[in-house]
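Encoded as structure tokens, the following chain is the form predicted alone, with no partner shown.
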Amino acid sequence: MSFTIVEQAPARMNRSELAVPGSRVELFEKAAKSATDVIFLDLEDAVAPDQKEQARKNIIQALHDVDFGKKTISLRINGLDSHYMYRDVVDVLEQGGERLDLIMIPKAGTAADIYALDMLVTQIETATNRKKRIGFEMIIETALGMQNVEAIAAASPRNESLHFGVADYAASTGARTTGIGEPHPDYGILTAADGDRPRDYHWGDMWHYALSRMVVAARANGLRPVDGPYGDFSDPDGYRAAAKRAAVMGCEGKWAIHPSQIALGNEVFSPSEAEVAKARRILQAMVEAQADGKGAVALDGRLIDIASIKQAENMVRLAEQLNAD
């Protein structure tokens, strides 16, 4: 273990994160009653320019009137390059009460972006005597943001999570795709030529590098990595496959741009009973091994050591958190 100890962001369930446009007031109650872990009330891409002001008012009202239960509530503000952003932050924090938990920062490009917003939020919290400190979740969705992802992740003690905004990232990098988080038939490779034998074509994951880099930056700074949207909400199998890939790579959850995707996200990012049972067996086996003065032990034909303990502890902790809720 390094002498540098990484502080972990506040623990929150983040298996599914539902996007709700601030202009669609009829969706607020439905979102509150859904099974999603996190709701982000959106003032950015899902709201037309001529509806921004009213959407802001709608969200302020909802933070007072809607019973969101124990759900984490986030606000996706407009970009720092827009003239809407400062009013998003000032109006909602000053008028929305204490219910808001997080601010989602779109198109985070540099550490200075996070610093600037931190300064503004800190001033508002101090001026209004706010009791609950607002946390930040940043969307990495541009080439600039990916270039600076490590600095962004470390830019503020308010930081809690990094999210992969695949659609804008594709546009920013000039990727030849219009799908949102979906695979592409041209991103693949042929097996080597072998006489007259037919060559197989293997599809690849064109988002693997970007998502993996974001996960590393998040974990190195104690943040939650979260995968972004899957655009085809009529394709549950595609969403599930993308979510499973993200889970294997270390993500804690995935966006839901449609209510039908909530259950899929919760399913994929919740440990199964079999996985939890195995994790508990690993912990018990290590307790017995350590009692015998051993640092490692074999279980079911596989080596178990301290790294295995950490993985098992994380899984058991998540299961206990789910049962507590």
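Numbering starts at 1 and runs along the sequence shown. Please read all numbers here as calculations on a predicted model, not as lab measurements.
Omitted here: the form predicted together with coenzyme A (COA). The next part is about that form.
- For a residue to qualify, one of its non-hydrogen atoms must sit within 4.5 Å of coenzyme A (COA) in the predicted bound form; all three of P21, A31 and R76 qualify.
- Contact check for R281: every heavy atom lies farther than 4.5 Å from coenzyme A (COA) in the predicted bound form.
- Interface membership of F233, defined by any non-hydrogen atom within 4.5 Å of coenzyme A (COA) in the predicted bound form, is confirmed.
- Heavy atoms of W255 reach within 4.5 Å of coenzyme A (COA) in the predicted bound form, making it an interface residue.
- Contact check for V66: every heavy atom lies farther than 4.5 Å from coenzyme A (COA) in the predicted bound form.
- The partner is absent here, but in the predicted bound form a heavy atom of L27, alone among I60, L27, M286, L264, sits within 4.5 Å of coenzyme A (COA).
- Stretch-level contact analysis of 52-60, 266-274, 66-74, 34-42 against coenzyme A (COA) in the predicted bound form, using heavy atoms and a 4.5 Å limit, identifies 34-42.
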